[in-house]
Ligand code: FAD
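Encoded as structure tokens, the following chain is the form predicted on its own, with no partner shown.
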């Protein structure tokens, strides 16, 4: 029997395996991964310094343990050369692997700005457990970190690194924290919370270059002429769905790999989920939609075709200096933010012209209102 093949061993890939095995104990499963195949929770990577956890301590299971627990073959450090969609084969450098069904759980790539300078190659990004291990090792004996990007990843790492005793400078050209997720009042509350930890912000200018300085330092040069000195630089500007492999195989792509609600791509017997997928126009690189997708796809793979449903999908941002929960309004929604505020406790409600609640952003003590507001919101994709 040809196996079901899963490409990717992150939360999406391993959760499909886990959910599928609840329904089918015997169908052969193979996971192909470019990394070392350890099971871990990616959201925990931006809590490691607060919890004083090494990469090994953040790992939940070895690939051998995953293989034994879920009756799956896990092949690590595998470079997938391509997909022969018509032939139902995954192409490997010196071989190929036939599949009955193929699941693309490819994740997303970090995006690094076009920097100049002789130290560009020393700019870190943290996108998986192995990246985290290298980043943590580079920080041994260091004190100062410059973070490029003040979105979700940048703010979480700014909080985490500050808790770990590091001096953090954060560069964000859009002028405030979490500018794509929060209205200004909520952004400013997060900024004040992080400033209270000692984070220094450079709002407005772009990072243009990273140079070697004296005594092992790195100099990040900004577009306004400011020079930010640190020992380590972390790029946390954002993620882009990995679509190249699918595109080269002839699958339809846009921002992500295009799928219908059963997570089926444009090619027969090929599915996609997680950060790489665009499900009926939605690209949602967050845990709740990923878990919903894994459960639905497992049923489809087991023979019960199931459409994924997205209910209310709030995003919890791990900035304990100023807790944040946000449920962004749908793209292109027409309406206005209604904001009430007491210091860093912000309740921001996005209402349509008819008064319907379409989204919210809560900070500080206001995050306690989440459950009440969730009942008022419409499902994202019923």
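Please read all numbers here as calculations on a predicted model, not as lab measurements. Numbering follows the first chain given and starts at 1.
Note that the form predicted together with flavin-adenine dinucleotide isn't included here; everything after this is about it.
- Of the candidate stretches 254-262, 158-166, 202-210, 286-294, only 286-294 has residues with heavy atoms within 4.5 Å of flavin-adenine dinucleotide in the model of the complex.
- Taken together, the three residues 27, 240 and 300 lack any non-hydrogen atom within 4.5 angstroms of flavin-adenine dinucleotide in the model of the complex.
- Using a 4.5 Å cutoff between non-hydrogen atoms, residue 64 does not count as a contact of flavin-adenine dinucleotide in the model of the complex.
- The closest heavy atom approach of residue 336 to flavin-adenine dinucleotide in the model of the complex falls outside 4.5 Å.
- Within 4.5 Å of some heavy atom of flavin-adenine dinucleotide in the model of the complex lies at least one heavy atom of residue 318.
- Shown alone here, residue 107 lies within 4.5 Å of flavin-adenine dinucleotide in the model of the complex, counting heavy atoms only.
- Checking 153, 148, 83, 189 for any heavy atom within 4.5 Å of flavin-adenine dinucleotide in the model of the complex turns up a single hit: 153.
- Between the options 326, 45, 348, 322, the residue in contact with flavin-adenine dinucleotide in the model of the complex by a heavy atom within 4.5 angstroms is 45.
- Interface residues of 20-57, taken as those with a heavy atom within 4.5 Å of flavin-adenine dinucleotide in the model of the complex (partner not displayed): 32, 33, 34, 35, 40, 42, 43, 45, 46, in sequence order.
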